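In structure tokens, the next block holds one chain alone, the form predicted on its own.
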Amino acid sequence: MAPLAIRAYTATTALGRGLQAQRAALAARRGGLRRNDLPVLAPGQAPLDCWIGRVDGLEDEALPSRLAQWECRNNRLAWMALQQDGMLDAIAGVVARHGAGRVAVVLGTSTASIAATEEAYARLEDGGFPADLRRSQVHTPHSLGGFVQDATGLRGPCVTVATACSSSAKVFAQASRLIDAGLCDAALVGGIDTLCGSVLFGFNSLQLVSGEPCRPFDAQRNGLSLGEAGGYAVVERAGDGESGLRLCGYGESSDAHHMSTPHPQGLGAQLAMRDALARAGIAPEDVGYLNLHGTATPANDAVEALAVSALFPETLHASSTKGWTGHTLGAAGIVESAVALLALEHGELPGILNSATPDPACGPQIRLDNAQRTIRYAMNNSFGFGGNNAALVFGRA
């Protein structure tokens, strides 16, 4: 594929706002998980006993008055993340080169602003939504895309991708196809997901939530920690001979196996990774760092490790960063892409936080400790319910 230049990128997570906060916490091996202190909506209901990756300050920073009709926790985080790492300047740059009508918005989420809908039902008045929540635009899955398009003034194609935890990895692939098809010249891609009752109690009903900070690939791992996050990247065609960070390849696949369980041999995951490597035109041994999906659930980690060991040499440095941020669901793809891009820029390869005893059933590519090494290519895996797999290859030109 023709590579896409990464003009800017950012992430805001439980580790803080922007890339410097992420980089500093990863280097110091300082995590952002805390005991669940998210208020519940149902009267008398106790908070779920678990650990979460919550973004500080969301409750205190309302949207600007001109965007008040979009007010909700998810769109607050979308707005907060837009203010970091020169994103607005980068957007202005591609608008100046191509025009607002030629810049797409492609964003991923899993629950969008469903927390506002939960609140509306919890506060029903005579069977109807309360007056302050009678805003249909925040009760749709496209709330995120609609808000960001309104907030940025971009007028190209606008898509909200909701394929669960692979959502904001798949946005890079969709943006690449939109640009290849001539429907736009550049794209703002990314993803936002925020904590809410549906996320916490939904995953708990599937018996996937750990009562302690998650431990990816640890022999004693017993489930995930949920988190919230937002991030973006601005992409456009790379110029001939241009240096800098690039999206070099993407791969997507479907397990076609089960709604919530990965294929036991990881065949879908392997297919996505092979596809991404083929589009990038590189061999497995060219990848210096792989950010694993690595949820810390017993089945998902074992299957992903099996797929990785079938493809990559033992020298690969592969890790999950969910011990730092929690599993940020529809935002995981963009957050962990930002980690992969930081590894390319600075040669700082994160290990795994909270895990102490490697699972002997997982391959030698799984690394618990951080490392420092110059790399040329980094990969990011994101897998979602329903067997939705996405793999991305980033590089330095």
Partner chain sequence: MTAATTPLHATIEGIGFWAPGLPTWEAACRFVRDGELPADAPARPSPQLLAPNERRRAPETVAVALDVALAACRAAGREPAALPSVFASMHGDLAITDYMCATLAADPASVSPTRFHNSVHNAAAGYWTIGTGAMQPATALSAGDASFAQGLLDALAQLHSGSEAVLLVAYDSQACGPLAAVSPSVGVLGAALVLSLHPREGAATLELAQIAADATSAVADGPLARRLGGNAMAPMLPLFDALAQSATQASVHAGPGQHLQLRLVPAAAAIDAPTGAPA
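Numbering follows the first chain given and starts at 1. Remember, predicted model here, so these are calculated numbers, not experimental data.
One more form of this protein should be noted, the form predicted in complex with the partner chain, which is absent from this view; the next part is about it.
Trainee: Taking heavy atoms only, is residue 311 within 4.5 angstroms of the partner chain in the predicted bound form?
Mentor: No, residue 311 sits far enough from the partner chain in the predicted bound form that none of its heavy atoms falls within 4.5 Å.
Trainee: May I ask you to state whether residue 357 is within 4.5 Å of the partner chain in the predicted bound form, using heavy atom distances?
Mentor: Heavy-atom contact with the partner chain at 4.5 Å: absent for residue 357.
Trainee: Answer for residue 148 alone: is it within 4.5 Å of the partner chain in the predicted bound form, judged on heavy atom distances?
Mentor: Heavy-atom contact with the partner chain at 4.5 Å: absent for residue 148.
Trainee: Indicate whether the partner chain has at least one heavy atom within 4.5 Å of a heavy atom of residue 222 in the predicted bound form.
Mentor: No, residue 222 sits far enough from the partner chain in the predicted bound form that none of its heavy atoms falls within 4.5 Å.
Trainee: Please pick, from 283, 122, 96, 88, the one residue with any non-hydrogen atom lying within 4.5 angstroms of the partner chain in the predicted bound form.
Mentor: Result of the distance check: 122.
Trainee: Ok, 42, 361, 27, 68: which has a heavy atom sitting within 4.5 Å of the partner chain in the predicted bound form?
Mentor: By the 4.5 Å criterion, the partner-contacting residue is 42.
Trainee: Which among 316-324, 109-117, 241-249, 211-219 is in contact with the partner chain in the predicted bound form, heavy atoms within 4.5 angstroms?
Mentor: It is 109-117 that comes within 4.5 Å of the partner.
Trainee: Give, in sequence order, every residue of 241-277 that has a heavy atom within 4.5 Å of the partner chain in the predicted bound form, or say none if there are no such residues.
Mentor: Heavy-atom contacts within 4.5 Å come from 252, 253, 254, 255, 256, 257, 258, 259, 260, 267, 268, 271.
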